[in-house]
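As structure tokens, one chain now follows by itself in the form predicted alone.
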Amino acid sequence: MRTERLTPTLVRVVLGGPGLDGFRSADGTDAYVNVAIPPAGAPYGAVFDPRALREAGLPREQLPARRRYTVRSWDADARELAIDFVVHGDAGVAGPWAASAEPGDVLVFEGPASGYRPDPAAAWHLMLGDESALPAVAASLEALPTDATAVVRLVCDGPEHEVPLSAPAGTDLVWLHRTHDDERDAALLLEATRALEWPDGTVHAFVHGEAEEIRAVRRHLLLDRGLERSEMSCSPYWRRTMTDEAWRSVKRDFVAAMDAEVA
């Protein structure tokens, strides 16, 4: 339907039309869809069944690239679905598609599914991540009661990469700006988490972002802060120095090792 450039590297794509007639929102605030983006010159039309293509035995280079994206919002009345894409020039598949998307373009996706929603029984909420986690964090903050307590730390490339967030008045939100020194940037989220003054009561945490950063923060929360695994939603969305395809090929093993590291 339309696109909007939110920051220099964040593009919102709003989807609509009869293709969403059967869409139903997931329960969680981290609802996600699995998009399928065909390569240039694909021997099939804009509307396709990803499973049927896989079963048809097409060469790998002709199959659509699969990517998982968080639903930023679903307007059931207008029947419009918003998805925010991180764009880094021509790198990747989904980012360039979003940057060049025009009204009338088609996006094939499956879903949604979800796994997290802020626990109303928690005394306070901890949300940690970067641009890849921002849509889920934003949706989660909007779902909190007005009197909720939330502590949020978000990594981004600088002030021009911050976006306005609607949150309870008691939210402690700090943006952490990268310096483009990989070693220092990799420690930003962990150092900020270590420096937190820990509120009283049970916490419900959402921790998602770059793989090694999330792994270090997870270890700190479980070992040093005493969180239970059940009190935290934690997942690595991407990995520094790796392409999307390379990361997808090792993510399962990385997550298994991360889980085994601190059970």
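One rule holds for the numbers: they count along the sequence shown, beginning at 1. Not measured: the values here are computed from a predicted model.
One more form of this protein should be noted, the form predicted in complex with a small molecule, which is absent from this view; the next part is about it.
- Shown here without its partner, the chain carries Pro8, Glu162 and Trp175, none of which come within 4.5 Å of the small molecule in the model of the complex through any heavy atom.
- At a distance threshold of 4.5 angstroms between non-hydrogen atoms, Thr171 is out of contact with the small molecule in the model of the complex.
- In the model of the complex, at least one heavy atom of Gly95 sits within 4.5 Å of a heavy atom of the small molecule.
- At the 4.5 Å threshold, heavy atoms of Met242 reach the small molecule in the model of the complex.
- Within 4.5 Å of any heavy atom of the small molecule in the model of the complex lies no heavy atom of Arg229.
- With the small molecule omitted here, the record of contacts in the model of the complex names 60-68 of 193-201, 42-50, 60-68, 221-229, defined by a heavy atom within 4.5 Å.
- Residue-level contacts in the model of the complex: of Ala187, Ala76, Ala91, Ala123, one residue has a heavy atom within 4.5 Å of the small molecule, and it is Ala91.
- With the partner omitted from this view, the residue of Leu107, Leu144, Val86, Cys156 that lies near the small molecule in the model of the complex is Val86 [heavy atom within 4.5 Å].
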